[in-house]
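Here we start with a single chain on its own, the form predicted on its own, put down as structure tokens.
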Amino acid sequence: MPMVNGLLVLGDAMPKPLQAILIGAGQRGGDVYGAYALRHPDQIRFVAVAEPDEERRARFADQHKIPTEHQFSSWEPLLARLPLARAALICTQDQEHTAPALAAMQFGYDVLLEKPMATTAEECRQLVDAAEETGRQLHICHVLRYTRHFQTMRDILRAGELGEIITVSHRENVSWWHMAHSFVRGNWRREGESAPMILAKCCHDLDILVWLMDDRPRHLSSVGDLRHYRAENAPSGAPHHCLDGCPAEDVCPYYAPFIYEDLYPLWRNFAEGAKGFPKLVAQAKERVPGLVKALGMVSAGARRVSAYRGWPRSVVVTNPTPERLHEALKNGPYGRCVYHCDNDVVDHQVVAMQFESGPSATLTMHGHAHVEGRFTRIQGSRAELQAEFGLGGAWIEVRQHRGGEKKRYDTSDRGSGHGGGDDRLMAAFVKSLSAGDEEAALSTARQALESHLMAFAAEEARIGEKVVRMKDFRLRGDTRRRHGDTRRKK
């Protein structure tokens, strides 16, 4: 029988799109997953939305032709109704994940939940238990598993090209401007209002280490703190908002108009890994912006640069026209001086771990990189692997010890965000629900739980200056395992 988008088609009938509701129509929910539905109306269709921001809610409803009676300012009245769809996508702020996810599963929805799944270990366990008890599918947005880059890397390891894996060094290099945007000025700046940065930013990376190694850590330790983005490091005379007459506006890299209005840091970072015409356009944006604007009249590629309104601008203000953007920087949180914010999350942290099968690994996360990206080095008994996964492109190189041969893989994929991972995640979610089999996706909720527990354990190790045994940490609060419950995992 014929297949369409990986789905079985009976006779001449086309499969109906998956009906879904969206809770949280911000950057991830509205701009990423909502955009996927608009590009793939044959796969998924949103029929209701809950979003407290009136402008975002109205925009999403208009884009997806959602009637007024299916638009809500909060999730409670939406989930109080009989189920309107098969799936619920939950993309609220981190601390607001648990309640709507639990309610959605209890009311019969299968759930795609933004990472991190929750901000406490107990709530993460509660979500996984609820999925298994209700029989609903619960998928966490660990998009890196769906990238060509990390799938290729995993294939190389599983093929044995490196021999025995000895040690792994993985770096999450958060660029200085991204750190300022998300973790100093933005929604993830305070642990008490969001989550520890090692969880909010790096549950992706911890998950990838577990997935690549096909193993779990035996124990881990961690160090790090907040070093730079502090009041004592502010330039002399710096006001609390950049546009209030900062004396350092011509030299400070964190000057808000430089980051958000000029967008020079974003395009510089993109140009580092891009190739061909996209690289030339990104480089020209700073040197000859008038040329890029003119090219945008005839070239879609140039227009994506000259008329760009996506992240991070779209987070600062909805529909970021130049006027709206400037006004938001004058009065809003993203125009604040990075040295006069109320941030308290770390700006550098290292996690050291040993896996149960023997290899060691380190994860280094920091917010001072010149170039944004993930960098991986894996030492094996027969070869070494080096890799880069950046905004403009990605590659993997394997070097053999004996013969010295090099093999290079171009793993770039600009089809969607996160190196193509966003689109492949959505396609896998639709497929898993259509097939009625969560294994059709690359991760179950219980598998995703491991990286979250690792993050909580790392934070405990950092604060307590100790080594955490993961076997003991996993058992905390897990009454079913302590009492010998061996129910089949759904």
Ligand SMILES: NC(=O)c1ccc[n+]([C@@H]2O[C@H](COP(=O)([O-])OP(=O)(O)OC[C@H]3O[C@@H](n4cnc5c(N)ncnc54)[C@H](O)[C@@H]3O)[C@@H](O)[C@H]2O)c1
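Because the structure is a prediction, the values reported are computed rather than measured. One-based numbering along the sequence shown.
Here the subject shifts to the form predicted in complex with the named molecule, a form of this protein not shown in this document.
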| item | value |
| --- | --- |
| is_contact(Q93, the named molecule) in the model of the complex, heavy atom dist at most 4.5 Å | yes |
| Contact flag, H97 vs the named molecule in the model of the complex, heavy atom cut 4.5 Å | yes |
| Non-hydrogen atom contact T134 with the named molecule in the model of the complex at 4.5 angstroms | no |
| The named molecule contact at G367 in the model of the complex, heavy atom, 4.5 Å | no |
| Answer range among 124-132, 228-236, 101-109, 185-193 for contact with the named molecule, defined in the model of the complex as heavy atoms within 4.5 Å | 185-193 |
| Residue (of R28, R462, H64, R424) lying close to the named molecule in the model of the complex, criterion heavy atoms within 4.5 Å | R28 |
| Interface residue in the model of the complex among V345, A256, C141, L209, criterion: non-hydrogen atom within 4.5 angstroms of the named molecule | C141 |
| Residues of stretch 149-177 in contact with the named molecule in the model of the complex (4.5 Å, non-hydrogen atom) | none |
